[in-house]
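Shown next as structure tokens: one chain only, the form predicted on its own.
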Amino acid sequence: MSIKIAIIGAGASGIIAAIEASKHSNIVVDLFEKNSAVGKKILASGNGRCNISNSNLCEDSYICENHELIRSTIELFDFEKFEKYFKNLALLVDTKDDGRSYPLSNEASSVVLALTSALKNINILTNTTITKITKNKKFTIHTEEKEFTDYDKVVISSGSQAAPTLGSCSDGYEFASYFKHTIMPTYPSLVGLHLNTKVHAKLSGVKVNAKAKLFINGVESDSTIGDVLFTKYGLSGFAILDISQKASLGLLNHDRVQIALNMVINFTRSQLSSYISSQTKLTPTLNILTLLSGVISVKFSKVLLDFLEINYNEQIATLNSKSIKKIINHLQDWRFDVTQTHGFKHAEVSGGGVSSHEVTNNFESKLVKNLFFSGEVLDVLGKRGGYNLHFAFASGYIVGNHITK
């Protein structure tokens, strides 16, 4: 007797779950996708390169209230298992020194092709928007046009609200809520941040390799070094994306969120002060704009001096110690208040979601028998660097194997 399974969402997690479930001869799998093709979000990940995993997997790489779930998932589908799994799909990976793993082809399309080629003996229903899921003895999948009935088991892998242009939505939360699951408050992550200042707009387009510190209610919460890009709305760049997880969560909790930027990381504060002092002796008639432009971009130097109300052409020998101290402070500890994120539309992933405490380590609902959740619909949020995609693959793999039992 066959087992009929519905998988909602053909992203990374749903596809893997479908592949694994369909390996059993007594399983009938219907894979539902609202987009016109499967794997659309995978194609866009990593700017088309697709950072699909990370060899430095650990529990601390994730924000999740159910730490046991993360530990169990990594144990069942670790990096070695991931690498072997995709090699069996004829996809080789290239792992960088920092642990980030990419397809050897350096193209996300290779990942989608490998996955879709493995979707055998599966009914794929694209351009299908599900409006409701109900259960009597068995599950029924409702769409605006028709009903799909008699499913023994259902997997909800419909993703989150992040990147709605790629088909992401909150449907999975609504389905889960119908079955009385708790939805942890959601928030955008790996996303740009808006600032309460006009300075960033004047600096729009300037990119600096900087150290970014995050302060929540005055206490340092996170820090990282990387690209910081000033934009019309605020800040972006890899360093900002990295700290946006905790920043976004802080905003959700109505905390005061601040970012401190050190734009001159090659100098300590004392070294920078010594450098300015030595230049004052060597070239006392040099103007302050020229001096700063030897350290950081001309555009940034001009905006900073305007902000501090210091004349560009003032000779460095005539600057008082107070002005020099202000310049150094703003180069190495310029603080900005964060007002909001750049929103789900521009976020790579989402925090929050279906409570991870309400699923087993096999991702089956503790409230509704034969209902499963996998991927980003759960309240599991990974750091930037391939962690989120790895969790999507891992949870899909675990669900796909357990659901057949």
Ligand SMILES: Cc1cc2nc3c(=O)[nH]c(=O)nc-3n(C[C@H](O)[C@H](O)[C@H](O)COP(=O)(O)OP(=O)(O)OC[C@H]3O[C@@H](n4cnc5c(N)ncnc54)[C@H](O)[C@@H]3O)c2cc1C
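Start at 1 with the first residue shown and count on from there. Every value quoted in this text rests on a predicted model; they were computed, and no experiment measured them.
Separately, the form predicted in complex with the ligand exists; it is not shown, and the next lines address it.
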| item | value |
| --- | --- |
| In the predicted complex, segment of 152-160, 325-333, 307-315, 71-79 with a heavy atom within 4.5 Å of the ligand | 152-160 |
| Any non-hydrogen atom of residue 28 within 4.5 angstroms of the ligand in the predicted complex | no |
| Contact flag, residue 32 vs the ligand in the predicted complex, heavy atom cut 4.5 Å | yes |
| Residue 368: touches the ligand in the predicted complex, heavy atom cutoff 4.5 angstroms | no |
| Exercise: residue 348 in contact with the ligand in the predicted complex, heavy atom 4.5 Å | yes |
| Position in contact with the ligand when the complex is considered in the predicted complex, options 215, 139, 230, 175, heavy atoms within 4.5 Å | 175 |
| Heavy atom within 4.5 Å of the ligand in the predicted complex - residue from 243, 130, 191, 251 | 130 |
| Neighbours of the ligand in the predicted complex among 145-174 [non-hydrogen atom within 4.5 angstroms] | 157, 158, 159, 163, 166, 167, 168, 169, 171 |
